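A single chain, nothing else alongside it, follows as structure tokens in the form predicted on its own.
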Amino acid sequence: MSLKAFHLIFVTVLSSLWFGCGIWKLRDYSATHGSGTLGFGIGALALGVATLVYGRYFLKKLKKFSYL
């Protein structure tokens, strides 16, 4: 497995986890109005976006290389 393929899988899984945790905590906040869950939810969504930005940057950087 190449570095490019590994990063594609890594970014996909990691961003899915960040967005899943963010949505989970924001739903928890709306149901219980807990104070700590709002910051965690917003932070997780921000990190999900940052992970996607990193993945796009990395794929542009290695455009010449194949996935194999």
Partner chain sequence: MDIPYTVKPRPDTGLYNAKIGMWLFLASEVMLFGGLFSAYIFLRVGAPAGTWPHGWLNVTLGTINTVILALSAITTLLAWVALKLNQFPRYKVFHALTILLALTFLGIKSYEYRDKFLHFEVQLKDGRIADGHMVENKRDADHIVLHGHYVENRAELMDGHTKGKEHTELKIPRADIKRMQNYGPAHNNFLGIYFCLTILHALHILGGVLVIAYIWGPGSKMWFTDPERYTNRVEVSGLFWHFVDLVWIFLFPVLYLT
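Everything numeric in this text was worked out from a predicted model, so none of it was measured. Positions refer to the first chain, counted from 1.
The protein also exists as the form predicted together with its partner chain; that form is not presented, and the subsequent description refers to it.
Student: Counting only heavy atoms and a 4.5 Å cut-off, does its partner chain in the predicted bound form sit next to every one of Leu26, Leu38 and Leu52?
Tutor: None of them does, since no heavy atom lies within 4.5 Å of the partner.
Student: Is there a heavy atom of Phe19 no more than 4.5 Å from a heavy atom of its partner chain in the predicted bound form?
Tutor: Phe19 lies outside the contact set for its partner chain.
Student: Is Ala46 close enough to its partner chain in the predicted bound form to count, meaning some heavy atom within 4.5 Å?
Tutor: Contact with its partner chain, no.
Student: Using a 4.5 Å cut-off on any heavy atom, which residues of 36-68 would contact its partner chain in the predicted bound form?
Tutor: Residues within 4.5 Å: Phe40, Leu47, Tyr54, Phe58, Leu62, Phe65, Leu68.
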